[in-house]
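Next up: a single chain in structure tokens, the form predicted on its own.
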């Protein structure tokens, strides 16, 4: 028998003790009963706060509704008043329509005054105002309305303010007369000077010195543009009282101040370039040239090198069509001189202008080549690259400290056909000769690399140019004497400088043509500007057209000069032979 199975024999005696303790059942309380039905119910503090908020909301709503209603009533009253005023004015205009066509009053002053009185009286009666008292108080001696008097007062104030502003502006213009034309300010009024703008008024030398202490660079730059514009059309835009020399002097002083050049160097540039090209040249010297690298074909190809650098995040492009090994670098996440490719000797950081003399020299495999001024070794490694590490390269530089960089670059680039020496290049013919080709990158004033060395702007003078020119003449004669005219496919000398001065370039080349049995030949370069055959007081050999000049503003590379000689005799001409050459040329 289960536990819950009831025993029929068991007697039920009644509820147990547990059932006795339970209370009687009761219905649950109704929670919807309000406080009025149960006044004795206790309310919590939160409920009281909620009830207060509800009461406040109701009051706000009722106040808003009442305010809207009042506003509507006020708007209706105002609209009715406006309608009444318009009807009254319309009645007045209708009564006088026969005498006043098109709503224009043609009455005398007395009629106007009477009509104004009638109109004010009607409007005052509509608004419940005492028109007689107000009119007696408001009307002036001339019978003006208050609004007319206020209008006159406002106009008077405006005229006074404009007069004061004109006085102050004229005073400010006079205090800053250096920024404006004095003839444009007359009787406190600025007059237009359209006719005067066509003719630029040139300041005197004393005025320029005073103004330079006050003017900013943009004002000087504007005056440079004005003077250049006058000089470009001097016959029409000139000041009749000033000469061309006066304009040129002012322009030279402004250019010296604006671009921070000394007077000597800027005068040289003004003699060399036209005015428009001069400004472009000076501007190009203020900007750094792009970073260029040369592929070392002894170890890699340009395509492979470009792919390796691009994979490292370097942004680059081929340099130009005239070179097959150059690359220009626009952006690099790492220093371009610290990549694994650079340390492995796959490329050389080298300016685009340094490619040009080696390309003009065109060394051939198996030849004997001399690099007289080789440091830091960029051109020498390019020569070894073109010679495919064959033949013989004699590398020389007078500065022993700079030869360390040459040795390092030779090892890094894998050059194995070179010998490094430390001699004065002027005495080189007595030490060693019989070279097939000679490269002379002569020391110079550096006027073509001002963007790299801005100190050239103020540090060079006539004596520096003269010293460089004298040294270059000695070096070029030594280079010619070190070359063998009988060498097979040889006998070539390339002279180059990173200067744009005629005294360091064309004059030195012309001197070599007179002193040695050499002639100028084509450089093999498809770009560049021809050298000078006539320059100021100089008259050079006509073959100087075959030399090449490179400018920053034209070719986006450092200023450079390249000349290529062909030696046709090892004999050194005597002084009599030189005189005969000069007589024949004359």
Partner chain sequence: MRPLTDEETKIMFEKLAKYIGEGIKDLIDRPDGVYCFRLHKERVYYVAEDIMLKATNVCRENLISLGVCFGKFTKTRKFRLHVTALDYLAPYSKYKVWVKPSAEQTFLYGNHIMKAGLGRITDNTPKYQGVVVYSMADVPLGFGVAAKSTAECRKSDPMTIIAFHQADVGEYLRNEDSLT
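No experiment lies behind these values; they were computed from the predicted model shown. Positions refer to the first chain, counted from 1.
The same protein has a further form, the form predicted in complex with its partner chain, not shown here; the description that follows concerns it.
> With heavy atoms only and a cut-off of 4.5 Å, decide whether residue 443 touches its partner chain in the predicted bound form.
So residue 443 does not count as contacting its partner chain.
> Contact with its partner chain in the predicted bound form for residue 412, defined as at least one heavy atom pair within 4.5 Å: yes or no?
Looking in the predicted bound form, residue contacts with its partner chain include residue 412, since a heavy atom lies within 4.5 Å.
> Do residue 229 and its partner chain come within 4.5 Å of each other in the predicted bound form, heavy atoms counted?
Residue 229: no contact with its partner chain in the predicted bound form.
> Look up in the predicted bound form whether residue 452 has a non-hydrogen atom within 4.5 angstroms of its partner chain, and give yes or no.
Heavy-atom contact with its partner chain at 4.5 Å: absent for residue 452.
> Of the listed stretches (478 to 486, 506 to 514, 400 to 408, 251 to 259), which one has a non-hydrogen atom within 4.5 Å of its partner chain in the predicted bound form?
After filtering at 4.5 Å, what remains is 400 to 408.
> Please pick, from 273, 423, 264, 322, the one residue with any non-hydrogen atom lying within 4.5 angstroms of its partner chain in the predicted bound form.
That would be 423.
> Tell me, which of 416, 463, 315, 307 has a heavy atom within 4.5 angstroms of its partner chain in the predicted bound form?
It is 416.
> May I ask you to list the residues of 321 to 349 that have any heavy atom within 4.5 angstroms of its partner chain in the predicted bound form, in sequence order?
If the 4.5 Å heavy-atom criterion is applied to its partner chain in the predicted bound form, 321 to 349 yields 337, 338, 340, 342, 343, 344, 346.
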